[in-house]
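Next comes just one chain, in structure tokens: the form predicted on its own.
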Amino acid sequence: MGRDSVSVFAPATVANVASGFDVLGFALERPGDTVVLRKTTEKRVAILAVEGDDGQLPRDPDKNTASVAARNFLEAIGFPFGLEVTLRKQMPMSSGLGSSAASSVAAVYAANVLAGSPFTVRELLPFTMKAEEVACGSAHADNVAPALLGGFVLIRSYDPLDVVQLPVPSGLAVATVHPHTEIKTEDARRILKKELRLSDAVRQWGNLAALVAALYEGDLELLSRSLQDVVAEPRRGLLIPGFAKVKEAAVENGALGCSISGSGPSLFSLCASMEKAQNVGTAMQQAFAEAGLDSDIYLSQINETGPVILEGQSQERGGR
């Protein structure tokens, strides 16, 4: 007999990854969101509860990414049952860490489990992208793809959708710091230049290509040289108090590189080990404090698993 309910955790993500603007992302071990789905005989998707959001997220199932993703999935398989959704937010919203993506990935992964897994994990990606379109007006995949598949993910193309999973060098860790300030995604988009100089485009292409090569070769020195963004960071950094000092503190304390996670305000630093990530994260947090901002720090290795089923204290790995 199949399950009647399931609880799934899906991770936060870092999108852009400096030179990979809009095409590259990776998954964190923490933070993330948990979604609990329960089957119902009434063939609709309803929000039963949203916890941990201070009332900020919509309870309307047409506007919440968790319910939208689950409903899109059920429509694709003929709506054999309905669902009640409980969303437990365990990460900051409007943080640049893929909050809406974590919710939609957890929900659609859970729905697939309850349906007997008619789709592979990779085949669930379009359902999560539709939910992202509801959240921010664009069906982008640089957060949902790594949250769903784990590891580093490159979005080569959207039409047709072509997602490439990249290797993760052994020991690679990340310190992510979320300052207590807010940047609206539309503002982060609006501040970007509408056109690029050819010389800047060439620099960005070179850095992105080298970053991908560094991941395949496990070359952390090359990875460090490649974490340069000449497209978004020079503009978006202006929106983050203390940005230059925080980045400087990260590099001086051993980070391979530091840049803005997604549209911000969170910053990430890739590091050669968890020990270095701890030192780097502390230095970043101190630099934000000197700029007058409290912050939260998340230390993690690269999450190569993606979503997991929560079974009491045990976890059933989703895999790629």
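As the structure is a prediction and not an experimental result, all values here were calculated from the model. Numbers follow the displayed sequence, beginning with 1.
Heads up, the form predicted together with a small molecule isn't pictured, but that's what we're talking about next.
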Heavy atoms within 4.5 Å of the small molecule in the model of the complex: does T128 have any? no
*Looking at the partner-bound form in the model of the complex, is S104 within 4.5 Å of the small molecule by any heavy atom?*
no
### Message
in the model of the complex, is there a heavy atom of the small molecule that lies within 4.5 Å of any heavy atom of A15, even though the partner is absent here?
### Response
yes
Next item on the list: Examine S263 and determine whether its closest non-hydrogen atom to the small molecule in the model of the complex is within 4.5 angstroms.
Entry: yes
Of the candidate stretches 79 to 87, 239 to 247, 209 to 217, 142 to 150, the one with residues having heavy atoms within 4.5 Å of the small molecule in the model of the complex is 142 to 150
If we test each of R225, R189, H180, R235 for a heavy atom within 4.5 Å of the small molecule in the model of the complex, the one that passes is R189
